[in-house]
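Shown here is one chain on its own, the form predicted alone, set out as structure tokens.
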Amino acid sequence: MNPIEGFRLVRQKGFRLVFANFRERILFDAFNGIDTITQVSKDQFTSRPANLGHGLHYSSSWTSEIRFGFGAALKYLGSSFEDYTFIDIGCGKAKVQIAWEQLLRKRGLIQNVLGIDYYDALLGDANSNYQKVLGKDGHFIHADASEVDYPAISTKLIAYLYNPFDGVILARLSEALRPCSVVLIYNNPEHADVLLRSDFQIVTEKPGFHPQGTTIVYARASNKTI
């Protein structure tokens, strides 16, 4: 590839990313009258969670990836979909939960919807956003995702991850989820190898021109069949 062609492709990808951020993040906030798009870097945290070194900064997931994950989970689980509890792990400001609730309402479905985050200040923003859009309080757990007693919540889980932490915590999370039957939606799947080594099987995947637009959906059964 000559330098001119390389520059053209880089510029084109840059334009696509700017447009994608507008379509996938800005429009969601503008339509719902909330702020989930503003990023929060770890050096802005006013408290220091124990595993902060393994976590990433807060940023919102693309809307299309949430919709893709919802559709894939619904297709895979079929009539048992409503038996599963949905958890956004590393929920931040609750965009994924809000979008998931909207998709449930659109289809007349009912499901328990939860969010987990280790940074308490984000959960205040999350509940405020929830109230504005859905007219009710959200359900949030302030905890390290790798230390939650997931079977106490439900033995049937749909878990959403927008690459919230490194492979160390992902491996711990995978073990914590073992007692449960799990459908796991992994957006920006930087540590996908960890899940494959933990016996998760790929259900479907959506490649994208950018990691934020790439999602893999996995499933793993406990001693009960999904």
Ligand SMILES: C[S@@+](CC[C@H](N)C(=O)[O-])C[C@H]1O[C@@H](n2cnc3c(N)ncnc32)[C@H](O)[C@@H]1O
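Heads up: residue numbers just count along the shown sequence, starting at 1. Note that the structure is predicted; figures quoted are calculated from it, not measured.
There is also a form predicted in complex with the named molecule; it is not shown, and the following applies to it.
- The named molecule is not shown here, but in the model of the complex it comes within 4.5 Å of a heavy atom of Ile169.
- Proximity of Ser59 to the named molecule in the model of the complex: non-hydrogen atoms within 4.5 Å are present.
- Contact annotation for Pro189: none of its heavy atoms lies within 4.5 Å of the named molecule in the model of the complex.
- Remark: Tyr118 counts among the residues lining the named molecule in the model of the complex, judged by a heavy atom distance of 4.5 Å or less.
- Proximity to the named molecule in the model of the complex, taken as a non-hydrogen atom within 4.5 angstroms, holds for one residue of Ala145, Ala126, Ala99, Val133, which is Ala145.
- Listed stretches are 177-185, 51-59, 26-34, 197-205; the contact stretch with the named molecule in the model of the complex is 51-59, by a heavy atom cutoff of 4.5 Å.
- Contacts between 73-111 and the named molecule, taken as any heavy atom within 4.5 Å in the model of the complex, involve Asp88, Gly90, Cys91, Gly92, Lys95, Val96.
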